[in-house]
Ligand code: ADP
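Given next, in structure tokens, is a single chain: the form predicted alone.
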């Protein structure tokens, strides 16, 4: 079905209308600018370009020399007694014939004539030859130049008085480790050697000498000199023309068509993107995994819209709103995209921040315009992402109770359930802060349902990994259930990051497919950060870190009800010098007192190990002490895990609307109770500290063994740490683990080959059955 109705501006579809008359203005401005650019340069008549350029270059009269990639030279000509003149010369043909020409030009442009080395013209050539023969100077390059008048009846007057007919010799020489650039003119008497004799002497000695015949007349190469007057006019008028064009386009034309697309009065138009049956997203419910209950609830919404009579027959009415609630990364927006892809009704999508602008009243106006468009397309779905941007509790603003955000919220409340509300519109909201939303927004009749999207369990994680692994080439022995069990607590976004990081790692290692090692390393990167092997750490600091992490590992393995140790490393990750990583075997939904007490003991394992081995403690346990103290305080003040204090909550529920939540006690707590809370927190911490101390004193040999292994291997797995505690040889255990892994990989690869071979054998049989449909039938 094709929608032939004209689309309103602001509905998220259709190309923007082109400004009328703007093409003519742009064309006129382009013509004016081109005219100024053409007239801004003029050719200087009567002066040959390449000949004059080489003459000025060989006589050291050029400054600000530049040679661009197009083969054009720009420079300033400095002639004594005349003002400096800018010139531009095209030397592209000469650069193409000799690749060393550009380097020669740049070197000569940096030279200036030295008139102090051979100041007397009568003795210049004689002294020059004497210095060459006695090796007082070493000539690197020489240039024999002859400038002549052209043979022409129409000689033009030269503008450059520095150029005269005649011959001269210039040379780059080295004297006493210093470079000099000199010019030798013909001697006035025959007693001195001529320039030809000097040139022959230099050639005999192997000095590269280049000869130039330069004409003083005109040639095909022209020297262009910019016109300063026209450039000044262009600099004065050009900016004003640009400012007038901007003013005309952005202000005058917009004021001429108020309410149009992009006009001044269009701030109140909705910016929602519209998805229809023909224009839909590429996401379906098949791309959403790990939230079956949430998908079933939104399927009901879609069924309401597709077949309303089915529910109206029994007196049921369509819900007004559905609020998707979940922590970041659980897939709220992805579920909304799937709704847009599955629904056969118009779907409007907009973010909560799109309603709030610097102009007062814009948010409420956009809400009214959004619901106006939704009524015209009814029945439809409106998706409001990050609804907490406009749905916060009223009365918490700093400017009083009537600010821009509250006006927008009031407009949403009225449109959802007011006098003019439409039952054919379903509002789907998404937020990860339902605690800050206004109660009027959450009541039945507005948001009738709250769909809570939790972090996925082990089955959900496996399904999510399978969805994201469709685009990745996995090895045959990759075990997704194992990866799902090892990623407890991961959100959908983090699981997607694990698959993507694993693909990147495999590509960087030039592998043919992604294997288990890549997935495990990707999981560690997402959870704990990237390894920093390039960080330079002293050997003493490595030793302290090794004992610190070994202490954490031993206490964690010996304390009951703790998560198994996954990996212990002294390779820096994030801001820490080392890490003891634990992964839960299953999803925990209850926090038992024994487990929390054991976690406090594990926090002090590193500090106690330092104290036992080095007789001192470092600052590396700062974060451990902070975690242990906060955990003990929560157990006493919120969880009721103290017999003396009792099951009473002493923390405040209110929060700062601008700073967020913070841990603080309520104001009605007496001084005696505060002292009792401090005593209980101190008792819990001291008891677990002493328990960890006892464990490490009893396992001192294992502490040294694990620390030495960390210094040798840098990273140990949880199984290897357990082997050390059992007294096994670590080297033999690692070798056995490697053999076991290789055997498992070979078995998986063999099973894959057999499966592929069986599939190939079935294909010819199936093809033969298709060709002969009577094969296998009785002839009777």
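This is a predicted model, so every value here is computed, not measured. Positions refer to the first chain, counted from 1.
One more form of this protein should be noted, the form predicted together with adenosine-5'-diphosphate (ADP), which is absent from this view; the next part is about it.
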Subject >> Close approach of residue 373 to adenosine-5'-diphosphate (ADP) in the predicted bound form, 4.5 Å, heavy atom >> reply: no
**OP:** Indicate whether residue 417 is a 4.5 Å heavy atom neighbour of adenosine-5'-diphosphate (ADP) in the predicted bound form.
**Re:** no
Subject >> is_contact(residue 330, adenosine-5'-diphosphate (ADP)) in the predicted bound form, heavy atom dist at most 4.5 Å >> reply: yes
Original post:
Do residue 288 and adenosine-5'-diphosphate (ADP) come within 4.5 Å of each other in the predicted bound form, heavy atoms counted?
Top reply: yes
**OP:** Tell me the stretch among 87-95, 179-187, 488-496, 67-75 that has any heavy atom within 4.5 angstroms of adenosine-5'-diphosphate (ADP) in the predicted bound form.
**Re:** 488-496
Original post:
Does the trio 334, 464 and 468 actually contact adenosine-5'-diphosphate (ADP) in the predicted bound form, every residue with a heavy atom within 4.5 Å?
Top reply: yes
